[in-house]
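The data below hold one chain only, encoded as structure tokens and taken in the form predicted alone.
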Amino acid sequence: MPVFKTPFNGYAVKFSPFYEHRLAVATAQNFGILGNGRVHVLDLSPAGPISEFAAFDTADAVYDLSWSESHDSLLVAAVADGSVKLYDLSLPPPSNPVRSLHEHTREAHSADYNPVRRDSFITGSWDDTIKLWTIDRPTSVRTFKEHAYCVYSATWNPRHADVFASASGDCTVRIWDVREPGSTMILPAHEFEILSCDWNKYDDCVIATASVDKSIKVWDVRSFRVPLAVLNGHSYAVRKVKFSPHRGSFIASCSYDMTVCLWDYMVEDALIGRYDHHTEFAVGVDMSVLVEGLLASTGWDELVYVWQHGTDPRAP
């Protein structure tokens, strides 16, 4: 399956919601500690290698990105200098970024576009806050500040236009409704830092959390005293977790143990696939919404893999 070599260390990968052959990759020089960043937009060809459609350089590491749900050419990037940058692929590189939003006071670590309303996005930052933005405003609409430590991930509910969740180093996940003054729920999901969370695409009350404690937990927010499932199998911190857009009980994860795992949290032997193609920390994973079973991952080995579940990512 196709592989793409990036000049810098991979941090995040996202499939386009509009084109089944397109994906974007966030990368950072020197493992994201110091140096430049680059956003790659890549195109898959049916038989040949992955080609680069566009690339945008930044002065600092790019930690995450999100495709617009309303414009097929628009991309949001979360950057280590705290900025949030908007790129328009329909414009030449000198015209990009079309907007650079400077409000976070520390690293911007996550970006997620609203899939329901499609006019807004949220960013999570190491300044302990989440910010809500719309495409047409030069300043944020609102800042959500309750977490006591870095916000590593913030993600919209797939059904409710006003609801999102945030995962933090303070060991909690908070559920927010933008119409309410504060968070509507605090989930003490792990005893160690929570690095990622994602909503089930078929049950809007189910959320998965991934932690430094090496586990993934699945929760029903209506009764969160006990998790629906605890998924053990990674040997180091779980960096990202992602629910399948096609199968309600399928979850993909990636970890500092260099593996990408696929889980079915509804069955007893939940681990249904383990891929050990990366030779450094695996920090980015995504599942295509347009092609069932198509996975992508990236890591600190400067490689981007795209493969069909059940096949070897390294196979030519």
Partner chain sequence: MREEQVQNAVKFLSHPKVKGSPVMYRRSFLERKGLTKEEIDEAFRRIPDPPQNVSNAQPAGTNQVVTDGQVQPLSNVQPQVPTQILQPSAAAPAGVISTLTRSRFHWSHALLAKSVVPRLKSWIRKVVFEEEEGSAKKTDSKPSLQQEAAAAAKTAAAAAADVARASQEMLLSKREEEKYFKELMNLIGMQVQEMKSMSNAIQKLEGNTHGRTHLTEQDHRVSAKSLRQPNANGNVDFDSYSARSSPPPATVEPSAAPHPKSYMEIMAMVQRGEKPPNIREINDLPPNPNQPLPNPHSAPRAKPWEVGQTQTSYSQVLQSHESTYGLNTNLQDNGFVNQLNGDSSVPWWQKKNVRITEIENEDELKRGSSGVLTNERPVQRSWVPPQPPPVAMPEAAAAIRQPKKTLSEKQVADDQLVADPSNAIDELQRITKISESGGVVDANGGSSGLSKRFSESGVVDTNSMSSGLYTSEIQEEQEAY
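All figures in this text were calculated on a predicted structure; none of them were measured in a lab. Residue numbers count along the first chain shown, from 1.
The discussion below concerns the form predicted in complex with the partner chain, not included here.
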Discussion item. If we define contact as a non-hydrogen atom of the residue within 4.5 angstroms of the partner, is Asp128 a contact of the partner chain in the model of the complex?
Written reply: yes
Practice prompt. Give a yes or no for Trp133: in the model of the complex, does one of its heavy atoms lie within 4.5 Å of a heavy atom belonging to the partner chain?
Written response: no
Discussion item. Can you tell me whether Thr58 touches the partner chain? I mean in the model of the complex, with a 4.5 angstroms heavy atom cut-off.
Written reply: yes
Practice prompt. Check whether Leu44 has any heavy atom within 4.5 Å of a heavy atom of the partner chain in the model of the complex, and answer yes or no.
Written response: yes
Response to the item:
Near the partner chain in the model of the complex, with a heavy atom at 4.5 Å or closer, the residues from 205-225 are Val212, Asp213, Lys214
